[in-house]
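What follows is a single chain, given as structure tokens, in the form predicted alone.
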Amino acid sequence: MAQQEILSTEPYLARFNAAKARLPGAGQSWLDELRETAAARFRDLGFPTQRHEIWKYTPLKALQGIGFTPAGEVARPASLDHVPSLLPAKAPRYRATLVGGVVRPELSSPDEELPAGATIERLAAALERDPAGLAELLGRVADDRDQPLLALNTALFEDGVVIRLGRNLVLDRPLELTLVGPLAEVPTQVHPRILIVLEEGAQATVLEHHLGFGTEPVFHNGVSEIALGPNARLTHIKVQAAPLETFHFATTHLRQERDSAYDGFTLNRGAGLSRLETRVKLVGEGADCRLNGAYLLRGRQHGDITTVVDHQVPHCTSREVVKGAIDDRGRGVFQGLIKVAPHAQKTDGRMLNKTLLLSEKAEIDTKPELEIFADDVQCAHGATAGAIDDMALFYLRSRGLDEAAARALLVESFLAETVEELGDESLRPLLLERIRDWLQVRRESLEEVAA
């Protein structure tokens, strides 16, 4: 049976038709048209299948037969007093927290704490307060012509966050954006939307943390649109640590103007099935984009990192270093594409993927690609996969380390090289801490086997 028949679009389209009059912004002609167009596109495209080249290595058959209730129709939990943080307890920060895709003000920073020229606002509230402004932002960076999950998000999103920084504003502390899965006793679906807009010369650090506490399946289908104005600077760290019952799909579209800089790092270690897709358009000369990251997979986890960096103008640079460690029967996927337009001379784009396979049944599918139509460029790509070096392991054991500790140290060293690509040194420890947490679980497992 074809996968299109297994994964029917009908329940989601029926949900849209039943709820569209109640969705945020309903009645605003531009948004109604945007949603209707997106729903029609989702209907026409259907769920992606492995016959689509960009989804070749990530089947969605695990979604078969699960009826996901929209998070907005599930009773809201009575309280949630605390959510984990990526930062130390006393570290200064701004915070926006979403639970089940809806902003929770009591777990977020008060508006009065923000400097003049900065706004962090519920998407639903922004649609009511400034519909004309949102019409200029929503859907303007993301292009869903070949992305059905993005189209589904556009049709069904109920809330999210709008982050805007005015010209030359430097946010004085990190913004921690925490997305907690639905606290529900039934399978749920959630489609959050995040908009980040930095005007000319603005600078910010955003820490995006995905986690959850429930045990029921969750279909998370998030979309982020990021627009960087001329000379804007954004450091963006994403830690995906959702429960294993989660199907986590996240699509990010990034547009960079002249001399802007994006320093991104993704740590993908949660969810049973995950796909993090990032598409970048470099539309202003001198733009610099860094898409680094790591994936940590065990059990039967499937983790997919897919990127497309589109150099549309001359004199832009992009760097991508993604490493992973895969244990047990885990399966990783890395797909990276650097595109260079015919007139994008003096492009400098480089991409590297390396994977450690920690068991004989671990698997990696890696496909770095270059698509170059200019002749004066410097572009390179590469990929390697292999086991831990036996000689290095022997050396550490000869210095008194047991096998589990030696293996953990070698994996940490391997992944730390990727973390060191992050420009802000102060943020590196929080990523290393989460890598060590994952390694500690593996080390304890190896020690139990040895005993």
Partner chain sequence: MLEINNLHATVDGAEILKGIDLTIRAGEVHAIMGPNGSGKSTLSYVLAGRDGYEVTEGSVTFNGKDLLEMPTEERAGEGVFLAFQYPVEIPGVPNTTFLKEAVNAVRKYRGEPELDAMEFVKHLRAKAKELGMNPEFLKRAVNAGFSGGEKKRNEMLQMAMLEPSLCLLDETDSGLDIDALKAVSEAINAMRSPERAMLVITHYQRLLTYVVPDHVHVLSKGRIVRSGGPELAQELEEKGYGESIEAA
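Here the structure is a predicted model, which means the values were calculated and not measured. Numbering follows the first chain given and starts at 1.
Only in words, not in the display: the form predicted in complex with the partner chain, which the text now covers.
Engineer: Tell me which stretch of 55-63, 421-429, 393-401, 34-42 has a heavy atom within 4.5 angstroms of the partner chain in the model of the complex.
Structural biologist: Of the options, only 393-401 has residues within 4.5 Å of the partner.
Engineer: Within 4.5 Å, heavy atoms only: does residue 384 come near the partner chain in the model of the complex?
Structural biologist: No.
Engineer: Check whether residue 26 has any heavy atom within 4.5 Å of a heavy atom of the partner chain in the model of the complex, and answer yes or no.
Structural biologist: Residue 26 lies outside the contact set for the partner chain.
Engineer: Consider residue 388 of the chain shown here, and say whether it contacts the partner chain in the model of the complex, taking contact as heavy atoms within 4.5 Å.
Structural biologist: No, residue 388 sits far enough from the partner chain in the model of the complex that none of its heavy atoms falls within 4.5 Å.
Engineer: Out of 400-433, which residues reach within 4.5 Å of the partner chain in the model of the complex, heavy atoms considered?
Structural biologist: 400, 401, 402, 403, 405, 409, 410, 413, 416, 417, 420, in sequence order.
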